[in-house]
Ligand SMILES: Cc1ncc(COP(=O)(O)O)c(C=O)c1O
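Next up: just one chain, as structure tokens, the form predicted on its own.
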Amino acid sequence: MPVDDLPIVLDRGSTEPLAVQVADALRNAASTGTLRVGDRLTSTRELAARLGVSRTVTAAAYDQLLAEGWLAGRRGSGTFVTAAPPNLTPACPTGPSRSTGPSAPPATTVDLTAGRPCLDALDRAAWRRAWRAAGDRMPAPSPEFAGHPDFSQAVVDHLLRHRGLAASPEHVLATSGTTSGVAEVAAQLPRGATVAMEEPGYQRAAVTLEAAGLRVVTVPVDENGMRVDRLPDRIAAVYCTPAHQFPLGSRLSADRRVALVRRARDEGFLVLEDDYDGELRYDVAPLPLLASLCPDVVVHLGTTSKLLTPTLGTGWLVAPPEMHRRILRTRQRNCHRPSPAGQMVFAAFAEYGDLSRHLRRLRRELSERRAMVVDMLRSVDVEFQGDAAGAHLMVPLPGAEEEAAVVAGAAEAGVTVPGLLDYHHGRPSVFGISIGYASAGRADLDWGVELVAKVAAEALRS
């Protein structure tokens, strides 16, 4: 049956967004056999005209079904049904509206750990296309210690377009991820040297630095990011997450960015800028990267794990020339190099614009999820912190006892939510929970966050 003849009925008085209603109707038609695998759908413009809605509504519905894998776009041919959903439950609604939540808890644990990717936003057709394109590339005849050339060019384009950092392919080193990049920089620092990092902060970085024989000291964080004025003297490097502090969610203010790179240049230490999710902002444009302000003292680290998936095992490092040469020389001596397979897939994913389209979908999806989480917390008078960015926010709690109560209460009900005690290297100074809203499906996220909000509200009342 042509899509023009489908009985799509929109309830304009419903709180459910029109795009969700259109996606549900098409998904229902595919699951019941009204639409069959191989059927070609009408264009978003034609469907919008028939339904009397804007094209953004039908485009959002198609984007959602493309992301779920039920549809696929063929260049020059149109959009086709590629699979039939097994039931009528939407896998990932596109609108920000809240359901009342499932009547019973999910069958498996709901994981609200921060730092996980949103696989629901990934276009499965584009993902498969990237792997096929990567397989068509000829294998390299010798090791590529700096990384696959196509990957380096894709990273350069991505950094310029989405992060405002001008680099050239010869400045880029492929890595196996952020932690791997930190380890390679740490290996170039003198053993026993002191490295400062945020507290609370990313503990894998702390463990990696100490494994390299370095001494880690902590620096407090407030609503404007790391307290640059509290940096100790005679340090070899600083590790920080300035775009979206992990796990508190604040960003390093403009004046502190300038103060940090000025101190680094004057005192001769390196700044390790972990930009793990800097592409994801929903309120205002991001502040300039530290690497843009002072590339001669900043090592910029990025990863595909939060934007796409850890499956690729791929990241990048842009370092000052001397550090770049030393890392590359070490790789050549010990014959260490990141696996090129993930690099080639990323390059293929970026080549025809799929990466940019994915980032647009991802920002839209995570912005809506964040709005839903914020609404739930506010509905029970639970405060939160964190910029409108990234994929997590933080709920502050008065002390360790309340934090433990919330973490344990959520776990007992089937929800994993980490406490800030997990992110301290020294004596705990900030208490609360970090809520990641990227990895769980919409229904599970709705249920899990509502439960955590109620547990947190009860702990605060007690």
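Keep in mind that this is a model prediction, so the values were computed, not measured. Residue numbers run from 1 along the displayed sequence.
Beyond the structure shown, there is the form predicted together with this ligand, which is absent from this document and is the topic of what follows.
Here the chain stands by itself, but in the model of the complex one stretch of 354 to 362, 189 to 197, 130 to 138, 274 to 282, 274 to 282, has heavy atoms within 4.5 Å of this ligand.
Using a 4.5 angstroms limit between non-hydrogen atoms, residue 115 touches this ligand in the model of the complex. Although the partner is absent here, residue 239 sits close enough that one of its heavy atoms falls within 4.5 Å of this ligand in the model of the complex. Proximity of residue 202 to this ligand in the model of the complex: non-hydrogen atoms within 4.5 Å are present. This ligand in the model of the complex comes within 4.5 Å of no heavy atom belonging to residue 249.
Using a 4.5 Å heavy atom cutoff, 179, 303 and 306 all lie near this ligand in the model of the complex. Residues of 332 to 368 placing a heavy atom within 4.5 Å of this ligand in the model of the complex: none.
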